[in-house]
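Next up is one chain by itself, shown in structure tokens, the form predicted on its own.
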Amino acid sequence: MAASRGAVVLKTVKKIIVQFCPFESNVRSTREFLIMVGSEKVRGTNMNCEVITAVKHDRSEPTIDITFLDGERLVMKGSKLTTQEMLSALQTRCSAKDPQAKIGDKK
């Protein structure tokens, strides 16, 4: 997972909202995702990106709601995905939206 942490770039992300109920058994991957995107190294890729944590006590399903700079949203259900799958989905979208990443791919 250490390799994933370095690969995540939040350059095209405006806001990430992570919601979960800590008393449910299916929140591990969501909490690990929060730790990854909340790390100093990843947050340093976009200091304007808001990472908001909503801890609920209503037995709700863990969700991650990501808003990109262009207004597009990506909503992931944490109970159905692994941490790696969520990070991969985020990075794929970020790479597709980053014009500099596209230029680097052409070289």
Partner chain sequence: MAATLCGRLLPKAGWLPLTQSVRHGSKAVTRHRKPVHFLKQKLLAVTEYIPPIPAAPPGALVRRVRKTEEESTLAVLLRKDLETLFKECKMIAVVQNNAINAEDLLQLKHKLKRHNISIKFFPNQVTRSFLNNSIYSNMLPLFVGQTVIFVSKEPKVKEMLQALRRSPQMVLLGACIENTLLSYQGILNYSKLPSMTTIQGELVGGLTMMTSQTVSMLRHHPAHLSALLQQYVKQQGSGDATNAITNKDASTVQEAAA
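Positions refer to the first chain, counted from 1. Remember, it's a predicted structure, so these values are computed and weren't measured experimentally.
Below: the form predicted in complex with its partner chain, not depicted.
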Legend entry - Triple contact flag 23, 34 and 56 to its partner chain in the predicted bound form, non-hydrogen atom at 4.5 angstroms: yes
Inset, instruction - Report yes if any heavy atom of residue 77 sits within 4.5 Å of a heavy atom of its partner chain in the predicted bound form; otherwise report no. - result: no
Legend entry - Contact of residue 39 with its partner chain in the predicted bound form (heavy atom, 4.5 Å): yes
Legend entry - residue 43 within 4.5 Å of its partner chain in the predicted bound form, heavy atoms: yes
